[in-house]
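Only one chain is shown below, in structure tokens, and it's the form predicted on its own.
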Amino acid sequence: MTKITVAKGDGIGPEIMDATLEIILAAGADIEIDEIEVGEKVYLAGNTAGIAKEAWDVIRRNKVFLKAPITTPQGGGYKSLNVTTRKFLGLYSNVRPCMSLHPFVKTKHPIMDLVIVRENEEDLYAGIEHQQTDEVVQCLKLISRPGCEKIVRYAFEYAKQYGRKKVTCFTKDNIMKQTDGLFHKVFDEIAKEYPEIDNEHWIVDIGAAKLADTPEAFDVIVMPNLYGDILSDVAAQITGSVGLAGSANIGEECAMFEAIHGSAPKRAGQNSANPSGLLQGAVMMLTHIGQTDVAEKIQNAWLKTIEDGIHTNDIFKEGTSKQKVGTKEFAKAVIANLGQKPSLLKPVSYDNSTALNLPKYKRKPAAKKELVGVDVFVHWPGSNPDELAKIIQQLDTDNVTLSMITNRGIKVYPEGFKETFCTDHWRCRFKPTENGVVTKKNIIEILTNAHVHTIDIIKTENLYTFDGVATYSLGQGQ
């Protein structure tokens, strides 16, 4: 028997969780349930995380967490519990299967069957933001080699275990050459270890267009966090309904399973919500804990129920559907179909399915790191870059001098264009003189000079080479 943690959530959460648990227990799931309270009640009781310490202890002890949707109150500094849980528990991989159920659920893509594997912990979701000037705020995009290696390897191992033929990577590394460039580079490195699986890379914008238009061209897609968040919802929607999709959040020690939709508080208590998304999460949970026979029985019964035209309101369609049912009635129909398989939809078989056991990340030998300059970010309300350059040149030291100024990434000094619109946020790049060498002491001197000349420096970013390779962006137009 496996002990799992269950949270019934908010809005429609308790209804769909009750239906889901009724189905999986009727199918013979060998589980023991520890229920915890998370979400709106906890938030409004003054806990901005939406979860109590004691609940964390239960989740960490049981390692497996089945969670219904929750409501995060607006304003007040409340943090998303989903994001917090994924990061605290190291749930680095978000897995979302997206399969059409044509002709029983309306879709323009009848043969769509793909899986999106999304990095779950970093990227812009690090949530590190600052207001820099009156006119400019920033959000730091953090991409790490461990994060890239773990998620890319997971995607290939998933494809290998489930008999998938191709893994596709989406990035925007034609623009973000360092961050998305690292993700793409790691993808290419790891793809070589799986010669039996086809691999390809798409720039995310045209890749997203292709996904929306021709999803059957893809099999497994692996992406950084933000792209994966957006496109997994797109993929789920074009199968027929976001309400049918579940997801798994997998870490090295813990795992969380859920529906991808929200808590829909306006529909709470009406016995109308579709429990399918959470049930799909529960099926993935049962596979994860090794109860594949139960997972297979539930999934085939669910497919048979969909095929029989027994549909909740969200997917009911006159002429295709046979019977409109509520949440409880849908659960009873699935239970009645346990032990049966669909006739037209493809039955599933989980004979070879187990939790993926990936190796832990091993840190690479450190590269030779050399300081070669510094970017100094300045809050200045003027508009003439040449005028600013004269001010900033007062910060030059014996070894380091101003080489470039950019505004929102575009080079405006030297040889800028008068047509370029500038905000009050300026990046001033200092590089060594012809025979000079940059040191940390030079940076301190620059900051000291700025204090003397009352120049408002917001922050600095050191410029490095690693093993002789420049690892910082040029100014656009440089």
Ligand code: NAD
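One-based numbering along the sequence shown. In this text the structure is predicted, and so the values were computed from the model without any measurement.
Omitted here: the form predicted in complex with ligand NAD. The next part is about that form.
- Counting only non-hydrogen atoms, choose the one of 61 to 69, 431 to 439, 418 to 426, 446 to 454 that falls within 4.5 Å of ligand NAD in the predicted complex. Heavy-atom contact with the partner occurs in 61 to 69.
- For Ser263, is any heavy atom within 4.5 Å of ligand NAD in the predicted complex, or not? Within the cut-off, so yes.
- Task: Examine Glu149 and determine whether its closest non-hydrogen atom to ligand NAD in the predicted complex is within 4.5 angstroms.
- Result: No, Glu149 is distant from the partner.
- Task: Although ligand NAD is absent from this view, report whether Ala273 comes within 4.5 Å of it in the predicted complex, heavy atoms only.
- Result: Result yes; Ala273 sits at the interface with ligand NAD in the predicted complex.
- Query: Wondering, does Glu258 line up within 4.5 Å of ligand NAD in the predicted complex on heavy atoms?
  - Reply: Residue-level check for Glu258: yes, a contact with ligand NAD.
- Task: Just give me the single entry in Asn399, Gln132, Asn82, Thr107 that has a non-hydrogen atom within 4.5 angstroms of ligand NAD in the predicted complex.
- Result: By the 4.5 Å heavy-atom cutoff, the listed residue in contact is Asn82.
- Have a look at Asp314, Asp229, Asp173, Glu307 for me and say which one sits with a heavy atom within 4.5 Å of ligand NAD in the predicted complex. When ligand NAD is considered in the predicted complex, the option within 4.5 Å is Asp314.
- Task: Output the sequence-ordered list of residues from 1 to 27 with at least one heavy atom within 4.5 Å of ligand NAD in the predicted complex.
- Result: The one in contact is Ile12.
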